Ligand SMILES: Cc1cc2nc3c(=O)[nH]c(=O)nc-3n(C[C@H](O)[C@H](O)[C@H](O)COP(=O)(O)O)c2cc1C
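First, one chain by itself in structure tokens, the form predicted on its own.
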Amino acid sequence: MTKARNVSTDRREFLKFLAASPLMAMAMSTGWSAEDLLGAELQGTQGAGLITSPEQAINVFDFEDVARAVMNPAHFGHIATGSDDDATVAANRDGFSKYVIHPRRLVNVSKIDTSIELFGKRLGTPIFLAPAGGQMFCNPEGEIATAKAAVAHDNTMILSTGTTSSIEDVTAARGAPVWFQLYPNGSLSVSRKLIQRAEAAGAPVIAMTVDQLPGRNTETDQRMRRTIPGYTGVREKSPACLGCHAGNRNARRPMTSAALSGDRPGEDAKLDWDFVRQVRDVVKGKFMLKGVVTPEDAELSLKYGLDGVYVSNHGGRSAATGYGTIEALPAIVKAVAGRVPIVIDGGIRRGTDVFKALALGASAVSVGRPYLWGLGSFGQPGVAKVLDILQREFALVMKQAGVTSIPAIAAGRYVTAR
């Protein structure tokens, strides 16, 4: 049996903070109260009702509870944080409750097909792994563990520019090419080096993140760092925070450090659609923008020759819009009008969420926080179980709705606004 890692000695202070933090609203959504959180210190993880092995998990939220308890607060805080007061994180989840599923009865669903075809490739599932940097700060095996866990259900993995393992090593672990998420670093020269390396490793798709170019305000992340003994307020000089995503940014990040060697980053806030045109000329394979949330930007993506649209608000981390991605999806689908595939992330936690996104016109969905909870809790087995739960739930809702293939979901009127 795989055991959760030992709880750190600073957990008591972390839990006291958490009870008064904006994250309490998120914690309460999974059934926790302030008393539960504080009592966990006295009861121990098993006494507090936390799972002690991946096999015990009933849903993906079980992994969130364990990750919160066992991870360095700075690292958990980086996963959990949204922008400003985390309202957009909540909006991503709440948005799914605004849509309902209309099932059809007496359909032979003894055999279903959850595979999809995207960019000329047959993929085993529409559930992708969203890019997330610094995964070694969740577990020492980091992205390698995630890649290995993605094999069982053929989950497409999108590797972050901020990866703590090289794309070559991750591709070898996955046993298949991975997509690559590009942070432009304000520089065409740096971006070119990252793109060329990714495509040399076999990456068929480059997804450039555009929703964080102006910067962001991650209050929960900042507050949780303050709970760490030895935190100085200067992230790259704080012993307990060394190597965290927002400080010492290039430490243990082979893609970024290699691309910046002999080069200097520019200013992301200066980038515009002409930069997109220049990157389009560099990318040999498929190219899309990650962070599109309006039909206007979706239409511009097509105008500039992009091959897909990635609807995302960085899990509520990029800006305090208060607008869930699933709510943004229908207008984008109408603007795209079937001309290119659409990928969406943001708040996907259940198989029903996957179904709703596909029924509203998405070609595939990406999950982020759930698999990071699994990674932080139990490493590769945790990620594998999270993906297994989501796949099982999705297959079940397909049967309950009376559909046997992914195209049938989009073809029928299975989901409507409440």
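Start at 1 with the first residue shown and count on from there. Worth saying up front: this structure is predicted, and the values here are computed from it rather than measured.
This next part talks about the form predicted in complex with the ligand, which is not shown.
Work out which of A198, A130, I127, V343 lies within 4.5 Å of the ligand in the model of the complex, going by heavy atoms.
It is A130.
Just one of S160, N72, N185, T114 has a heavy atom within 4.5 angstroms of the ligand in the model of the complex, so which one?
Contact residue from the list: S160.
Can you tell me whether P54 touches the ligand? I mean in the model of the complex, with a 4.5 angstroms heavy atom cut-off.
Taking the distances in the model of the complex, the answer for P54 is no, it never comes within 4.5 Å of the ligand.
In the model of the complex, does G368 have a heavy atom within 4.5 Å of the ligand?
Judged by the heavy-atom cut-off of 4.5 Å, G368 is in contact with the ligand in the model of the complex.
Heavy atom to heavy atom, is L372 within 4.5 Å of the ligand in the model of the complex?
So L372 counts as contacting the ligand.
Is there any non-hydrogen atom of F137 lying within 4.5 Å of the ligand in the model of the complex?
Because a heavy atom of F137 falls inside 4.5 Å of the ligand in the model of the complex, the answer is yes.
Please state whether every one of the three residues T146, R174 and K286 places a non-hydrogen atom within 4.5 angstroms of the ligand in the model of the complex.
Not one of the three qualifies.
Which of 307-315, 274-282, 104-112, 117-125 has heavy atoms within 4.5 Å of the ligand in the model of the complex?
Answer to the contact question: 307-315.
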